[in-house]
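What follows is one chain in C-alpha cells, specifically the form predicted on its own.
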C-alpha cells in the first residue's frame, strides 16, 4: 500500500495564524484558546511530529503589536530555541497591515502619508524579523488596499502608492544586503468591498511596472482565485510561465462564498488534483504552504487532524498525478489530441517570410471541415480522470 505519510522533504508549511486560529467569526466568539508563546512552542512540536517542514508568520503572530524592543528580543530568542528543538524552519514571513484600526482605509494605498510611513516602517521591522528567522520569501497581502466608496480615492493613485512602497522596500533590502524575494498576494474582495490588483494576473502585470521586477513575484491562493470565479491552476500556470511563482497558499473553498480557508482538497477535489499535478509536473521547488484553518467545531486534537489532512491530501493527489502519467488509456487519448505535425510545428517556431510561406502552403492543404467535425473525446477523458480520483482505476 502506498504510504502518504507527510515528511519534511515534502516541504509542507503552516502559518502560526492557521493552527493558532481560535475559531472566532463575525457571529461568534472564540471556541479555542488564543495562541500564546507556550502554545506556539507546543504546536511546533506537534507539527514536526506530524511531518511538516516549517512554519510561516506575520510579525504580530509572534511579537505583539507595539511591544518594546526588549520584549521583542526575548520572544524571538525563545521562539528560535523552540524552532531548533523542533527542527522546523521559517521559509516565509509577512507583515500584518490589516488588523489595527490605523489601516482601516489601507496601508500602502492610504491617502494619508502618515499611514503609509507607518506601514513602511512596520514592514522594515517585519523584514528584519523574517531575515533573523531565516525567511527567504516575504509575502505582501493587501487586505485593506481597496475601497467601498470610489469617490474617496482615484484607483490610479492607490496603485501608484502601492508601487512606491514596494519599490521602497526592495531598495531597503538591497541596501541591507538581504537575500529576500517578495511575493504579492491577490484577492478580489474581503475585508474591503473591492481590493486593488484583485487577481494573480493583475499582480503579474503590476510587477512589470516596478523598479526591480526581478525581485518580486506572486503568491497565488486557491480560495482567492476561486472567489473571483477563476481556475487556480490557470493562474498558477501563468505565474510559472513567467518565472514568478515565488510562494503558494493551498486551501479549500466553496464557490461563490466568503474566504473560507478550508482544509486543502476538502471541496474541489478535481481542481486540487490539477493544481498538484501542475506543481509536480513543473518540478516546482517552493514550499507547499497551507493557508487554512480547522473548522470551528474542532478542539486542539481536531486542529492536528486538520493539519495532517492537508498534508495527506496533497500526497495522495501527488500519487494520483503519477498514476495519471502512467495510465495508458489516458495517455492514448492525450496523444490523439495532439497529432504529429512536424512541418507546421517547424514553420511556427519563429516568423520569417520563408516560414510564413511554408506555413501558408501547409495550411491551405488542410481539410478544415474534417478537422472541425472531429470529436475530441473530452467526455471520456474527464470520466477517466474522475474514476482515477475515485480510486477505481
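Just so it is clear, the model here is predicted, and its values are computed rather than measured. Residue numbers count along the first chain shown, from 1.
The same protein also has a form predicted in complex with a small molecule, omitted here; what follows describes it.
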item	value
The small molecule contact at residue 58 in the model of the complex, heavy atom, 4.5 Å	yes
Residue 291: touches the small molecule in the model of the complex, heavy atom cutoff 4.5 angstroms	yes
Exercise: residue 105 in contact with the small molecule in the model of the complex, heavy atom 4.5 Å	no
Partner proximity in the model of the complex: residue 145 to the small molecule, non-hydrogen atom cutoff 4.5 Å	no
Single option in 128, 267, 259, 280 placed near the small molecule in the model of the complex, where near means a heavy atom within 4.5 Å	259
Heavy atom within 4.5 Å of the small molecule in the model of the complex - the one residue of 141, 314, 79, 196 that qualifies	141
Answer range among 294-302, 159-167, 216-224, 70-78 for contact with the small molecule, defined in the model of the complex as heavy atoms within 4.5 Å	216-224
